[in-house]
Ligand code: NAP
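Next up: just one chain, as structure tokens, the form predicted on its own.
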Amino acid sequence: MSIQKISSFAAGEWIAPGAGARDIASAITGDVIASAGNSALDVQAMLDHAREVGGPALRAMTFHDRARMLKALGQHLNANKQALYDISFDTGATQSDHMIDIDGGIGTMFVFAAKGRREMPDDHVFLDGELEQLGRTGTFMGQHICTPLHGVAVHINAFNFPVWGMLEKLAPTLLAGVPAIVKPATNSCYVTELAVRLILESGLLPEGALQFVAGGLGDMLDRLGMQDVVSFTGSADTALMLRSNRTILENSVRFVAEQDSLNASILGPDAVPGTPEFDLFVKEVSREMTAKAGQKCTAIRRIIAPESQVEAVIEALSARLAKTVIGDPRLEGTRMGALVSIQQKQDVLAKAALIGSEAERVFGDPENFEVVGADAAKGAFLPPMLFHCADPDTAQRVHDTEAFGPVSTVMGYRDLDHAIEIAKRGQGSLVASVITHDPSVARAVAIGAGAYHGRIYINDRTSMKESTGHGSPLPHLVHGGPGRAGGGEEMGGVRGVKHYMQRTAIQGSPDMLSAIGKQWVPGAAEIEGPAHPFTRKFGELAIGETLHSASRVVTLEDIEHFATFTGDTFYAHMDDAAAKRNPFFPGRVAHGYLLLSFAAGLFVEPNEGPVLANTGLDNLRFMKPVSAGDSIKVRLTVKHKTPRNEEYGEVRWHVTLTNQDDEKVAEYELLTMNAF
């Protein structure tokens, strides 16, 4: 049998294993299938290549350029994912496990690509938050911006998700405009290497944007600076060792850790046997114990149920686990494959023994279980093992020992406050779940335990068909957790992109802020266009281009007609005496939406042209009432432009309505789609 040589990709070259290489065995057979590692890698050259070649190339691209690149990379990986499936079986993963890892990773890239186009500008500066007026007249303003770090992101990933683990970090990093050096766990690095080769062979990435280390990093962490980021997934002990590096501490290098987590799932008091929630709870726990052979950072380690339901939970869960077919993951009928290595199997058994010192094993005998299609003695197979802790209040090991495999412990609670206290004893986790149909239970857990968990997953009969599961972190939401979970934060949509950027407060005049953010700020210079802005195509419009409309008098007949026509006969528009008793009105006033309608009539160009559709308005405010006899006029300014595709883009207009005394009566942002 040939042994695959897993190469590193450093400073633009593939470098074969060398000194310090180690063997990698198949999780199924125990046979050596690959070797990886090279202690002679020039890590300084890698860092220089990333900072001097990859970083400038990425920063030259806009957020939209990088988002399109991510989408294309996702499509390329999706077209070649069968090769990733085929090579992943030797990690012990089943086909359904591959879909979590490979399809999940690709899906994450697509989400970040979409969010980059929808929620970030086609520019190099990301505006973070609203404007702050720092002076009385509005000539001195403040704004937070985010710009890419000028360093490199070093990604140190765990063995359990060789594809998703890389892509969920890589997508926000590249979208931010920062190059990455990826170092996967050696046990499964052969899968990551193939994914990296596919990415690089696509030709979609600029040179230096991605490098890959098979094996150790050498002294790379000793060479990092204040513009660099380390993102780590793995054990708490390793995280502590890495983040304690003197250079990282001295240079305040950003360090993101996602580590050990004693995740819990709480069965609500209402979820008794016979309810959809009880069946859902058993299904969720069973799935989390067996998916990836329990080797998930989000797997359920502590099963918290009402004391009156503990026996029923053990019985139902044991019956379901008994149906789990353990064996060669390449076989269609296999439900659970092997752990990643014999060493990992030994580690899980040692941790299970610690848990067993405080809890009784009620299901799963590691010395006596059936393996289909493989030799249990040679492969890294284990059965699901379920423990019962009768006294979770005095126990310690069940709350601080993570057996990173198919191991979980049932424990009972007296009341909901007790359940919350048990969940908190994990000292911080990535996720806790609550299976209940009672909203008050969900609220109590969210308030009582939220500070101890990065995510709280709530499921019941209403959401069960669409829910993604306790153990599925989603790119839209934060993945990470406090305390022993590492205190880090990944993904979370655009929030995750900002981890690789610097937030800077800028201060200055409206003109200065408009120039920096390429977004018109009230008070900045206005530009008079050569024609009505609605007659000009997307690419012809300039930021700050402004139309000042004529005035229109609002009459009492207008107000009454609008009330009759729309059915909005609110007293402030129809009853002068009642309106005067209202502290907000001087008497009968015009409808706010009448003013918006009149405003549109004042600035709209009615003929067919580049404006394709009005898609909405944001931030509407009514500042001053308009009475019969008052007049209104409109200032319409191009605030911001965002391309959407090759045919049209979104124009955000700043609209201000003023009265005959030039006092603001309303303000909002109008959104239109304009043809190129």
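One-based numbering along the sequence shown. Values in this document were obtained by computation on a predicted structure and should not be read as measured data.
Below: the form predicted together with the named molecule, not depicted.
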* Just one of D460, E545, E489, E402 has a heavy atom within 4.5 angstroms of the named molecule in the predicted bound form, so which one? -> E402
* **Single option in F159, Y413, F255, F534 placed near the named molecule in the predicted bound form, where near means a heavy atom within 4.5 Å** => F159
* Are R22, G234 and H479 jointly within 4.5 Å of the named molecule in the predicted bound form, each by at least one heavy atom? -> yes
* Asked: Just one of 366 to 374, 71 to 79, 191 to 199, 159 to 167 has heavy atoms within 4.5 Å of the named molecule in the predicted bound form; which?
  -> 159 to 167
* Does the named molecule come within 4.5 Å of any heavy atom of V111 in the predicted bound form? -> no
* Asked: Might T94 be said to contact the named molecule in the predicted bound form, defining contact as any heavy atom within 4.5 Å?
  -> no
* Asked: Is P184 a contact residue for the named molecule in the predicted bound form, using a 4.5 Å heavy atom cut-off?
  -> yes
* Is there a heavy atom of Q259 no more than 4.5 Å from a heavy atom of the named molecule in the predicted bound form? -> yes
* Contacts with the named molecule in the predicted bound form - residues in 98 to 136 whose heavy atoms fall within 4.5 Å -> none
